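Before any questions on how it binds or moves, here is one chain, the form predicted alone, in structure tokens.
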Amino acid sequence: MSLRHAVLGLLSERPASGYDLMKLFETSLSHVWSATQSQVYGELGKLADAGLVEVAAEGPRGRKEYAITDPGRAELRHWLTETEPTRTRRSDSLLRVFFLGLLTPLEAQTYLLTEAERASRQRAGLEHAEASIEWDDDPLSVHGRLALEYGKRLSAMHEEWARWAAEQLKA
């Protein structure tokens, strides 16, 4: 996923200013794709230059509200339907598992249990986010809940696996 497509996707719901987009990132996409304020504003400029978004309204203090254009919707649709997703194949934490034999059994178990606790905290953070978000029936809320559920299940699986692996090293 690229920042370009994240911004286009958010703007496909409704026009928004850069500030509004940052708030949407914080409440919806931050667990799957983070962005800084300077990245979002920079991307808005690039999207406008490419004709994928346009300034729909200007407010006080130079506030600009952006809207997706028809070519922007076409680009978003192309990305969703015709572009293969990038799947991360590297995992620093799993690479370390391959070399846990270089540690004492206690150090290896400690590493795995630390990973389990990290996954548990991540899941708790997602559950907190789920409880604090005002969900709606709009597409962003519906699909945001699907992505959030994926994160909760993935972190639960990671925690379960790490605890299991630590037990395997006891034997």
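We number the residues from 1 along the sequence you see. Everything quoted here is computed from the prediction, not taken from an experiment.
One more form of this protein exists, namely the form predicted in complex with the DNA; it is left out here, but the text below deals with it.
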Output flag, Ser93, Arg121 and Tyr150 jointly within 4.5 Å of the DNA in the predicted complex, heavy atom basis = no
Just give me the single entry in Thr36, Thr104, Ser30, Ser132 that has a non-hydrogen atom within 4.5 angstroms of the DNA in the predicted complex.
-> Thr36
The stretch from 137-145, 110-118, 123-131, 59-67 that lies within 4.5 Å of the DNA in the predicted complex, judged by heavy atoms, is 59-67
Determine whether any heavy atom of Tyr19 comes within 4.5 Å of a heavy atom of the DNA in the predicted complex, and answer yes or no.
-> yes
Just to confirm, Leu3 within 4.5 Å of the DNA in the predicted complex by heavy atoms?
-> yes
Go through 73-87 residue by residue and record those having a heavy atom within 4.5 Å of the DNA in the predicted complex; state none if no residue qualifies.
-> none
